[in-house]
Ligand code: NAD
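In structure tokens, the next block holds one chain alone, the form predicted on its own.
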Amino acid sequence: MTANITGFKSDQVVLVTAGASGIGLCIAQTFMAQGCKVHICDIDSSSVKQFTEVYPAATASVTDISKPVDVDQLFEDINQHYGKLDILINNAGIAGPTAAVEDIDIDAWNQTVNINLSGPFYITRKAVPLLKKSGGGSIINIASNAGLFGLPLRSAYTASKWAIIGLTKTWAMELGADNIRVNALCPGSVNGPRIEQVIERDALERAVSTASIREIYQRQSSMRLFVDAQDVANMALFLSSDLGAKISGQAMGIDGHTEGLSNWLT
């Protein structure tokens, strides 16, 4: 269920990275439902095209956030459309390789770090001047419960998400005096195609059934569940609204309370 939160001005501009599908699309839809002006970026040009056809009031850019030149063009687009920015949702990321540390391909490691860590940095360094120009705003970094625990066979992903939480706290300290609050959301496993792909890869790596891996993932949560994209979108909405005006520098779990990420079959 979509949250209904008052207090959003009709001219507030929101940027959602990887906003054409999955969690990003749900976040974009949720902010649009509050009357915000939404700009999304995504690396998948066909998904961007479909997004703009379905949501003609929104705007979009085809962007690889791991490439500074693409990020520069993204902000040229935002300046051309709106000339301002109030809310940034750093959502783009990839799962990265599933492998023991000695077997991780270096290119796969670099790709994961470039997208999950360098990408949000490239985006945020361009967004902050616009947020300051607006008199403040909200930055939401989508991290993971893997940013709070160790996660076997997911070194690159885990490292990048721990780093995002470190950046969140650092940026909150840097930007607080400018009325810019910065928070990280740490979802557990989110229902959808992405977690199913991760489960399939884990099952293949461990030579066990996907059902066994899914059960292990669900056992990691006290509530024995996967969350929905809407749960993440609702928290992003809350933190960016007047209701979250005094919350900054936090890494918030949206996961039914993760007990640990190492309950693996042996």
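Residue numbers run from 1 along the displayed sequence. Quick caveat: nothing in here was measured; it's all calculated off a predicted structure.
Just so you know, the form predicted together with this ligand exists too; it's not on screen, but the next bit is about it.
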| property | result |
| --- | --- |
| In the predicted bound form, segment of 41-49, 28-36, 203-211, 236-244 with a heavy atom within 4.5 Å of this ligand | 41-49 |
| Of Ala159, Ile94, Leu175, Leu148, the one that lies within 4.5 Å of this ligand in the predicted bound form (heavy atoms) | Ile94 |
| Partner proximity in the predicted bound form: Val128 to this ligand, non-hydrogen atom cutoff 4.5 Å | no |
| Residue contact check: Val13 to this ligand in the predicted bound form, 4.5 Å heavy atom | no |
| This ligand contact at Gly256 in the predicted bound form, heavy atom, 4.5 Å | no |
| Distance check, Leu167 to this ligand in the predicted bound form, heavy atom within 4.5 Å | no |
| Sequence-ordered residues of 187-201 touching this ligand in the predicted bound form, heavy atom within 4.5 Å | Pro187, Gly188, Ser189, Val190, Arg194, Ile195 |
